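Take a look at this one chain, the form predicted alone, written out in structure tokens.
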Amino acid sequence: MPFADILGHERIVEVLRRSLRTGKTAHSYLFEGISGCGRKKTTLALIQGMFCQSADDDACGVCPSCRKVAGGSHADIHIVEPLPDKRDISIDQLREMQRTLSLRPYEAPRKACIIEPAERMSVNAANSLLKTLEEPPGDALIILLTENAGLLLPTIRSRCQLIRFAPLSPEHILTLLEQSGMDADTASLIAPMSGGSMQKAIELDNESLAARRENVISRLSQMNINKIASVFDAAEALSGNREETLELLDLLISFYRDALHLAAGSGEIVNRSARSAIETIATRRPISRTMELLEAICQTRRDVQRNANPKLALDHLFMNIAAET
């Protein structure tokens, strides 16, 4: 995975490539970002570029070292993660890592260690790592991956170069999904609901998602504020656990964004196969009202994220959507 293949993190890539060109890479990095945003790929790209036998500031991708890194078989890369039957990374694992890093590299210019997820280190393991960061063995490179750097000891954060990864944009997710072989219509449906994570995008059940979209469209069309039971029935049918409700709200956000695009005269929408339903949303109300509803949906999503009751939140939102004005 050369840097050239990484999308959405151009500034971070340039910083890391410059460090390779100048030979000023840090001994330890802390990569923070949601799972699936590209932290791991960037980590491997940095190591691959450092180990590459041919390139200057990026991996060639074809030399024996690059192929071993890409294939996960390079002897000088060590991954520390919770054991299959354990929740946390133990101090014994950190001690083994320290022993391994103290040895000379087999074939690379230096050894590299990836700790993921770093926030899952036990207290003893974290304290042991702190000693390693204070006195790095040899010329070892240590990269910690985390979704929340705030969960780590301040002393660990202060000894690592912190790099924050933003979620990927829907456009970048769409490109990556299409590059993986997914058809354009399916990718355009999934990308806005991925939350900036390729991992979540891949995990979404395509057929189930398409059926859920049709169900949502059907329920929205049946809601009538003068028949309040239709509103509560829709909320009852479409609500689920917190994660399912957030996915529903992401879908509604994509509908109303598309509706705004159509209302503003743009023909480019994400939910192309649901264009007829989107046009109905766009023409039913003034554009100012559609914008109000989009903000209401976004606010409901924030409320559910903050632990609001999903069913009650949808009741309130759907009464707002069902109102004529």
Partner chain sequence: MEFRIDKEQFLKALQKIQGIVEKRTSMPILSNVLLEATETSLLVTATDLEVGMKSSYSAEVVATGKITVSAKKLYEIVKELPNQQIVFSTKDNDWVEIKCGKVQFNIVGLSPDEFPYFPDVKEESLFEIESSLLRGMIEKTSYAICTDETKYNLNGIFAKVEVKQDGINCLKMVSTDGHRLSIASGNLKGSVGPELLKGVILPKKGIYEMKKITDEEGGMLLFGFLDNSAVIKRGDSYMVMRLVDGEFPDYNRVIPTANNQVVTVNKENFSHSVRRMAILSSEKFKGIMLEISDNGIKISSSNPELGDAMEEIDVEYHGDPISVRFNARYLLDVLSVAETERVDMRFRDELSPSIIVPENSESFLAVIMPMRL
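Positions refer to the first chain, counted from 1. As the structure is a prediction and not an experimental result, all values here were calculated from the model.
As for the form predicted together with the partner chain, it is not shown, yet the points below apply to it.
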Practice task
Verify the contact flag for K111: yes if a non-hydrogen atom of it lies within 4.5 Å of a non-hydrogen atom of the partner chain in the predicted bound form, no if not.
Solution key: yes
Exercise for the section: Verify the contact flag for N241: yes if a non-hydrogen atom of it lies within 4.5 Å of a non-hydrogen atom of the partner chain in the predicted bound form, no if not. Expected result: no
Exercise for the section: Look up in the predicted bound form whether E96 has a non-hydrogen atom within 4.5 angstroms of the partner chain, and give yes or no. Expected result: yes
Problem - Contact label in the predicted bound form: K68 to the partner chain, heavy atom within 4.5 Å - result: yes
Practice task
Name the stretch, out of 182-190, 250-258, 69-77, 169-177, where some heavy atom lies within 4.5 Å of the partner chain in the predicted bound form.
Solution key: 69-77
Handout entry: Heavy atom within 4.5 Å of the partner chain in the predicted bound form - residue from L103, A229, A211, L151
Key = L103
Practice task
Only one of E134, E203, E236, E107 comes within 4.5 Å of the partner chain in the predicted bound form by heavy atoms, so just point that one out.
Solution key: E107
